[in-house]
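Next comes just one chain, in structure tokens: the form predicted alone.
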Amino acid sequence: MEKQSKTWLWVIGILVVVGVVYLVMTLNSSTPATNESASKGENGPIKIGVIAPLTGDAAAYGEPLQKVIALAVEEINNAGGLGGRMFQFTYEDGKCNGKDGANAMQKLVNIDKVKVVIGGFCSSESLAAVPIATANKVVLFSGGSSSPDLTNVSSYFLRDYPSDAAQGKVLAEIAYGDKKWRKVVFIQEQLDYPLGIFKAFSSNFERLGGQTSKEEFTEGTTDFRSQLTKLRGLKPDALFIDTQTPAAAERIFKQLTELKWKVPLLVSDAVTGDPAVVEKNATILEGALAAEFGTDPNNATFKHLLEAYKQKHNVDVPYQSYAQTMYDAVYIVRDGIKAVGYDGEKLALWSRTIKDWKGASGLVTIGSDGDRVSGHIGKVIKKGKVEVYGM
């Protein structure tokens, strides 16, 4: 009997141990994890969308900027991603227009289920994508859209590239105050970015006492002789070539030369952003005015971007003022998700707290209206090079 009792005690002990182990496992499976990612059920890659012009004339921007974004993503993922989760970027072609920008946003939101989109690059893309982003509580973060119409457009939109309100104001003040010009005419492409520059320049120039007028042309136009002839007849002090892309501007340069119209020029940063275009058209652009969001060659992060891009692609970074903000946008998104999680609503609120974030483009502060708190500086083209304008 004693031996039998000991056997039963041993069996009961085993059952108690098994029961305790089962209870612990049950509790662990039902108790919320303390790790933030686990508590939200997050796993797998962190999906981010990108809207940029990857075809057409504006692909001159989109293709190199896609490489800049990919460089930043590669750096982040090689460093372990975010808590071990890798970033996965999906690129959609916004073609630098509203229709395709909206289609790209719909696809990223409804098919890819992203909570953050970097883009659009062109203002037309962003303006069309904003309502979709807002309705679906998805953050839309642009590193290139500069139309003043995007200021305070939505709590879900922000940009680390400044508004063209600054570009137009700087040029208007130089034109009226320093150059003493009183009549400036525009040949303007019918897209949101050029329109934003025209509105900003004309409102400031006319406020000072000057006069403006314009001739418009549609995207893809190749013959500008009619518009240029009309503008020449107005006997202006200067001509503002206001295009979305350098390709369109170069077509106008060619016909200006053929018409033998020599007139002081102003150009948008779409032209000055590409050193090759400026050098190629050095003769007609000699003395032309522009305003750019500058770069700082002494900025360590900016220097790293230039060196890493050159090493990877064996060419210099084009459109460096845009490249720096696109590069920063990736890292700012990373920091936002790290701070508040992969949640569009929380990221939108967090975006308005960004202050003195240090990146390739300098210190980034986002205002309550979603705009970067900074602006453009005057530039002049001399001997095929873009220099700071000295009044």
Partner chain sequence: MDLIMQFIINSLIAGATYTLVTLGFNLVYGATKFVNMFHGVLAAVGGYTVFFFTQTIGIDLWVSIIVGIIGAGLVGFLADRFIFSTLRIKKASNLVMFIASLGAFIVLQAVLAMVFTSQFQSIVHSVDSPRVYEIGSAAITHIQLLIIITALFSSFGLVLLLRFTMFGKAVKAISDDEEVAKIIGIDTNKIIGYVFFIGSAIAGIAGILIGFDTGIQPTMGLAILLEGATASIIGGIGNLYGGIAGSFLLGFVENFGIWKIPSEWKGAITFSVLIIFLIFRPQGIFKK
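Keep in mind that this is a model prediction, so the values were computed, not measured. Rigid core here is just the name for the largest C-alpha set that superposes within 1.5 Å across the two forms. Numbering follows the first chain given and starts at 1.
Beyond the structure shown, there is the form predicted in complex with the partner chain, which is absent from this document and is the topic of what follows.
Q: Look at the stretches 360 to 368, 325 to 333, 346 to 354, 54 to 62 and give the one with heavy atoms within 4.5 Å of the partner chain in the predicted bound form.
A: That would be stretch 54 to 62.
Q. In the predicted bound form, which of the listed residues (T222, Q311, N78, N298) lies with a heavy atom within 4.5 Å of the partner chain?
A. Exactly one residue meets the criterion: T222.
Q: Just give me the single entry in M86, L259, V263, L208 that has a non-hydrogen atom within 4.5 angstroms of the partner chain in the predicted bound form.
A: The residue in contact is L259.
Q) Does the trio R159, K169 and P236 actually contact the partner chain in the predicted bound form, every residue with a heavy atom within 4.5 Å? A) Checked in the predicted bound form: no contact with the partner chain for any of the three.
(Q) I'd like to check something about T151: if you look in the predicted bound form, is any of its heavy atoms closer than or equal to 4.5 Å to a heavy atom of the partner chain? (A) Outside the cut-off, so no.
Q) If you check in the predicted bound form, is Q255 within 4.5 Å of the partner chain, heavy atoms only? A) Close contact exists here: in the predicted bound form, Q255 approaches the partner chain to within 4.5 Å, heavy atoms only.
Q. So, in the predicted bound form, is K137 in contact with the partner chain at a 4.5 angstroms heavy atom limit?
A. No, K137 sits far enough from the partner chain in the predicted bound form that none of its heavy atoms falls within 4.5 Å.
Q. Using 4.5 Å between non-hydrogen atoms, is Y176 touching the partner chain in the predicted bound form?
A. No, Y176 sits far enough from the partner chain in the predicted bound form that none of its heavy atoms falls within 4.5 Å.
Q | in the predicted bound form, residues of 187 to 212 near the partner chain [heavy atom within 4.5 Å] | A | Result: Q190 alone.
Q. When you overlay the rigid core, is the Cα of F217 off by 2 Å or more between this form and the one not shown?
A. Comparing the forms between this form and the one not shown, which are aligned on their rigid core, F217 does shift its C-alpha by 2 Å or more.
(Q) My question is whether N281 is one of the residues whose C-alpha shifts by 2 Å or more between this form and the one not shown, given a fit on the rigid core. (A) Passes the 2 Å threshold, so yes.
Q: Superpose on the rigid core, then tell me if the C-alpha of E74 is displaced by 2 angstroms or more between this form and the one not shown.
A: Not so; E74 is displaced by less than 2 Å.
Q.
A 3 angstroms or greater change in CA distance between N281 and K303 is reported in the predicted bound form. Closer or farther than in this form?
A. It is closer: in the predicted bound form, the C-alpha atoms of N281 and K303 lie at least 3 Å nearer than they do here.
Q: Please say whether the CA atoms of I187 and S124 come closer or move farther apart in the predicted bound form, knowing the change relative to this form is 3 Å or more.
A: Farther apart, by at least 3 Å.
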